[in-house]
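In the block that follows, a single chain appears as structure tokens, in the form predicted alone.
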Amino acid sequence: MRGRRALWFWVFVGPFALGLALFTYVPLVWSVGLSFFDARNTVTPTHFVGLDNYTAMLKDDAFVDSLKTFLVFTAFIVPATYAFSLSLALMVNRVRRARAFFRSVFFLPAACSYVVAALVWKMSIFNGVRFGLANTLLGWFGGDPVAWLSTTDPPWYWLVIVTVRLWLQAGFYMILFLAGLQRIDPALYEAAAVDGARPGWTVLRHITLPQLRATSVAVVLLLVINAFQAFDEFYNLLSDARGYPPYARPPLVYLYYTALGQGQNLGVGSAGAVILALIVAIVTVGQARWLRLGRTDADG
């Protein structure tokens, strides 16, 4: 009986474990090894160069600028998504009828492809001509058309990038906040009402947000990690037949052009990927410790 259970376990888990090993772990290990070699136009290590690839990457101003782009993107998208998804969750949680309908409607964009959403934003909403939706609205108020994706002073492209990511992911984090809200004991709100607490900001600040602390920590960590992985919206919004512009180039876009561009320097690209992975790990662990992830009030 025990042997049959083990057999069925590997029947169901085996294909997934094999695919995970072949297409995730093996490439990861190979990429780390490749970062110590001179590998141009090939994925086969040739000449061992030690830490030279890492030194070249850290001295590359374009790579440093890509990290600055990530910081700007994170500063925009993390608080915007947190506030918007929490607001949606609070509103949906107060609905007494058709709650499932509103929950599904707000979550639906999360199932949309990032590529498709980016093209809709680029071609229909912020396409830079006077017939685009955004410029049409500006025209109603007497404004001139704006080239949203090519204007760098002021940098209107951030509005396009942030809004498409916000539309895509707010519904997912709304679901996380809804799960946290439904775990709050209603007796806390009843006791607050008896004590004279006014519904609104006072209850939100002193009851709802403290009770959502664990959910908030998880949401912030996921938002920062997802911001590090930004690629699709940047690439599909800003690139064209002439290539990618020199501005708003996040780390993954920079590494894409380094490893698969004209030079195809896979050794340096792999070193950049390892550096980026280490930064993500350090930031995640630092956030977890700062936000006291996994600790309770009794732990101090």
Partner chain sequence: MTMSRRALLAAGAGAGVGLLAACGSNTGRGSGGSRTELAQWYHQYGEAGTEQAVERYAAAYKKASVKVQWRPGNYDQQTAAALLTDSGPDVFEVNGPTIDQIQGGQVVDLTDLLKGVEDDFNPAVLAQKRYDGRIWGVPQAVDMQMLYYRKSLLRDAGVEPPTTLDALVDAAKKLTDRKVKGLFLGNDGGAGVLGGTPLYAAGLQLVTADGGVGFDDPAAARTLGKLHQLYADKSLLLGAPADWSDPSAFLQGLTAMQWCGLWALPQVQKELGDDFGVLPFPKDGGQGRPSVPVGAYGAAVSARSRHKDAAKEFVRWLWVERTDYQEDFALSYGFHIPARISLAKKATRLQSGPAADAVRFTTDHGCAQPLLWTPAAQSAYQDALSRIIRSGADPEGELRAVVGKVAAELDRVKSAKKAKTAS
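Positions refer to the first chain, counted from 1. Bear in mind that the values here come from a model prediction, so they are computed numbers and not experimental data. What we label the rigid core is the largest C-alpha set whose atoms superpose within 1.5 Å from one form to the other.
Absent from the display: the form predicted in complex with its partner chain. The rest refers to it.
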Since exactly one of 152, 87, 229, 93 fits, which has a heavy atom within 4.5 Å of its partner chain in the model of the complex? 152
Here the chain appears without its partner; judged in the model of the complex, the stretch of 66 to 74, 241 to 249, 49 to 57, 269 to 277 with heavy atoms within 4.5 Å of its partner chain is 241 to 249
Should residue 30 be classed as touching its partner chain in the model of the complex when contacts are defined as heavy atoms within 4.5 Å? no
Might residue 123 be said to contact its partner chain in the model of the complex, defining contact as any heavy atom within 4.5 Å? yes
Applying a 4.5 Å heavy atom distance criterion, does residue 128 contact its partner chain in the model of the complex? yes
Flag residue 143 as yes or no: does it have a non-hydrogen atom within 4.5 angstroms of any non-hydrogen atom of its partner chain in the model of the complex? yes
When the rigid core is used for the superposition, does residue 11 move between the shown form and the other one (threshold: C-alpha shift of 2 Å or more)? yes
Take the rigid core as the frame of reference and indicate whether the C-alpha of residue 244 shifts by 2 Å or more between the shown form and the other one. yes
